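Only one chain is given next, in structure tokens, and it is the form predicted on its own.
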Amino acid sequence: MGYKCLAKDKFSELVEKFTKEQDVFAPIAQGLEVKWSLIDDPSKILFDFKNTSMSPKGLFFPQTECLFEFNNNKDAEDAFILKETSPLVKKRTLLNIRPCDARAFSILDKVFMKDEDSLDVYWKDKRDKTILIGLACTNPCSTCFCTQVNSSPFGEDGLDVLMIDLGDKVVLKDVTDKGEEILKGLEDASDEDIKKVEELKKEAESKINANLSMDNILSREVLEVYEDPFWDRLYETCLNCGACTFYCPTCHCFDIQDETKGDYGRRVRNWDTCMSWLFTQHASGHNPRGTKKHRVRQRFMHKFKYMPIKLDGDIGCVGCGRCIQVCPVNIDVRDVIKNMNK
């Protein structure tokens, strides 16, 4: 593993090398937002941005995904046979993904690919065929707190290559064997460049001023945190709009629906949210999370208590701060963590 260097004016050549055989996705400006898009023009790729409006989670776990199709015409040759949707045809590269979003994929790998008995083939297919080239975050948002949840603005978890923007050039560090193969042929970074990378890393981490502890959350009994009186006040301002869950790079709840038109049918899974009362509505009519308090508590308990228990200590949050930015009533997850930890 080592550092390589590439002049910025040569970066488009690297992108064009990918586009010959793969689909390349990267952040581009669309109006006032920064969004992930399929790239046909390398000059549109952004380097100077805080983070994308939405995480790239939808490229692996789409908002609506067809799982299989079927034909209800009893006279058809394929009548009542379930046909799985085709796997991803072309390999892909995601450029300039922030380390927090890449770490989210490592967490979701433990959800969708925990073991062979519960393997999500749709998620695995996309993960296996995608290269992740990250862009270190040198100027974190005021709402970022990745350093408090086992990450860093220069984090490498989940990435194949980490790229650091030095202005007129970029330094690239291979993280995996895939990354090492990608960087073959590039010149080695100088000692001065590597020193500059370390300085930028320290500077970026120092800009994150959140001071959070989760020791008590993780050590206390589940019911002790669950029954804490502070939940009686927290939920009051929440609208249950679900914006926090849809923008979150680690939220992964979904609903399954069968859709038919004439004889054609398909089974799809759609993003869902624990903020919705319908999400836990039983066929009997009973709802174990029938109140707003139950639903708000579930969101935070799941991320900071249940997931660490199930996922070998991994917290279900990467500190990207999107939920803070989009919440219409200014609920700040950092304040919630502090209260849960008291």
Partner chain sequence: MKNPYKPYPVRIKRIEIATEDKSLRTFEFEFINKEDANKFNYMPGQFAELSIPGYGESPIGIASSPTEGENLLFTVFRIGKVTTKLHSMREGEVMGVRGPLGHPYPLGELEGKNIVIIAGGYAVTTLRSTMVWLLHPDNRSRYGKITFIYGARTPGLLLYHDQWRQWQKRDDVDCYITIDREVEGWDGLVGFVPTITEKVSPDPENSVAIICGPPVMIKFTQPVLDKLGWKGEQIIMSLENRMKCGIGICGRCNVGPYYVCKDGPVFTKAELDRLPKEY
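Positions refer to the first chain, counted from 1. It should be emphasised that the depicted structure is a prediction, and the values quoted were computed from it without experimental measurement.
The next section is about a form of this same protein that is not shown, the form predicted in complex with its partner chain.
- Per the 4.5 Å heavy atom criterion, its partner chain in the predicted bound form is contacted by stretch 119-127, the sole one of 93-101, 178-186, 119-127, 148-156.
- The partner is absent here, but in the predicted bound form a heavy atom of Arg267, alone among Lys196, Arg267, Lys169, Arg220, sits within 4.5 Å of its partner chain.
- Residue-level contacts in the predicted bound form: of Glu192, Asp75, Glu84, Asp215, one residue has a heavy atom within 4.5 Å of its partner chain, and it is Glu84.
- Although its partner chain is omitted here, in the predicted bound form none of Lys44, Phe47 and Asp165 has a heavy atom within 4.5 Å of it.
- For Thr52, no non-hydrogen atom is located within 4.5 Å of its partner chain in the predicted bound form, even though that partner is not displayed.
- In the predicted bound form, its partner chain lies farther than 4.5 Å from every heavy atom of Ser37.
- In the predicted bound form, Asp272 approaches its partner chain with a heavy atom inside 4.5 Å.
- Using a 4.5 Å cutoff between non-hydrogen atoms, Leu88 does not count as a contact of its partner chain in the predicted bound form.
- With contact defined as any non-hydrogen atom lying within 4.5 angstroms of its partner chain in the predicted bound form, the contacting residues in 273-293 are Leu278, Phe279, Thr280, Gln281, His282, Ala283, Ser284, His286, Pro288, Arg289, given in sequence order.
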